[in-house]
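In structure tokens, one chain follows: the form predicted alone.
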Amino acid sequence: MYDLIIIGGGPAGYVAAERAGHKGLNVLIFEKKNMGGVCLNEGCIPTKTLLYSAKTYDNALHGDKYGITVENLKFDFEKIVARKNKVVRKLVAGVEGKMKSNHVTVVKGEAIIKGKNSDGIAVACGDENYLGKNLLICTGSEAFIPPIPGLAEAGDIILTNREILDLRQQPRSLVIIGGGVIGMEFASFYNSLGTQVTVVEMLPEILGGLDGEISAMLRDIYAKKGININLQAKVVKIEGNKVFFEKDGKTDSVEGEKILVSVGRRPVTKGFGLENLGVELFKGGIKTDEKMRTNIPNVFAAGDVTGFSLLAHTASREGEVVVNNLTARNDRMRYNAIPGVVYTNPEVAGVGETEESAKAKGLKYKVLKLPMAYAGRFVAENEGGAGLCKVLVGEKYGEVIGVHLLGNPSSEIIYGACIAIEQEMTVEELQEVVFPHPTVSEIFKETIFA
């Protein structure tokens, strides 16, 4: 009998397993592929490894801005991909090591939930049966493939986030259906390496859900870099390597050696016996409360399978909430300060309310903003680079309710804004915080003084 059985070894599952094992629980975790889940093997880590190679090449290519000239500059696409694979292998081994050091039992195979009775929750894998007091479902998400006519017939021209990571040759041209985070990160990578990139997005702006002003600024930057971005364009069919779309009442087409479909992801709720428990679903995912409990006692869910916040760091925190409550620490999941980052070059990061979400909720707020160039470190390291820091402040109490950044290294400094929002800090309180100088993070303080 295990204290906790976990299905899925992604950021929700392996973090929960590590925390639970560290606190002395007897833990079993199932993973049918490699530990680390989609994030480590097919998402966050491999894409960021590729993007760093592209950024390094980009910096060398434009080194003359900084007084550096590189002769005969070139890149090796196969070596870039090989390094990505090496990084993934190293980190997968690291996760496996954490399981071992925290005495977590790992079963490599496909788990099937058999049901729940007075003895516990039964889960099988092959011919083996296992019993647990508690069950945590972390089966993640999968790429959504829209029913576009001709898509299935296009064969290996069509890529998802999984197949595009395994390309051994750089495509000369790439059409990306979907201008969300995944689409724009691959657009950034291939654009830096010289591939002709076209993005087809059905919404009025790329990066839907992020601050509209920041998204528009990034789109302008990439348009200047040569990416052709079609907004409010609905894909109607695919013929071979041609994508046809309707825009402004007209039908147009664009051709690409490869076509990346990145229109979103959906929770994985089938194929592992979930129906044997009677767990309630909501909007395609497993419905949970603030403690990540489902409608079935002792059954929890965390990560993308809930369909709520499809981010690795959200998943890890949700897994922690489950373990904390199982080990006598009262904890609840809060989503008011979940950061979102887009690892393009330049980076985008945001947390809390956007102007769009604040208006939709009827919140009264003020906007404080400054160009990133007000931070000396940013000017020193981003010659000619554009950037913006935007802070939303509650009108009544002066508390920070949203922060949005464009410019490198936004991903590394957004956590400070997360803390401010989580702790409901006011502008006056933040003005008393000492920031290190010179750092790009000072833009946060400069903006709230402005």
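Residue numbers here begin at 1 and follow the sequence given. All values reported here derive from a predicted model rather than from experimental measurement.
We do not show the form predicted in complex with a small molecule, though everything after this point is about it.
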{"query": "Heavy atom contact within 4.5 Å of the small molecule in the model of the complex, the stretch among 218-226, 193-201, 295-303, 78-86", "finding": "193-201"}
{"query": "Heavy atom of each of Val15, Glu31 and Val123 within 4.5 Å of the small molecule in the model of the complex", "finding": "no"}
{"query": "Contact label in the model of the complex: Gly273 to the small molecule, heavy atom within 4.5 Å", "finding": "no"}
{"query": "Exercise: Gly278 in contact with the small molecule in the model of the complex, heavy atom 4.5 Å", "finding": "no"}
{"query": "4.5 angstroms heavy atom contact with the small molecule in the model of the complex for Ala358", "finding": "no"}
{"query": "The small molecule contact in the model of the complex: Val235, any heavy atom under 4.5 Å", "finding": "yes"}
{"query": "Single option in Gly264, Gly376, Gly284, Gly97 placed near the small molecule in the model of the complex, where near means a heavy atom within 4.5 Å", "finding": "Gly264"}
{"query": "Residue among Pro346, Gly178, Gly352, Gly140 with a heavy atom within 4.5 Å of the small molecule in the model of the complex", "finding": "Gly178"}
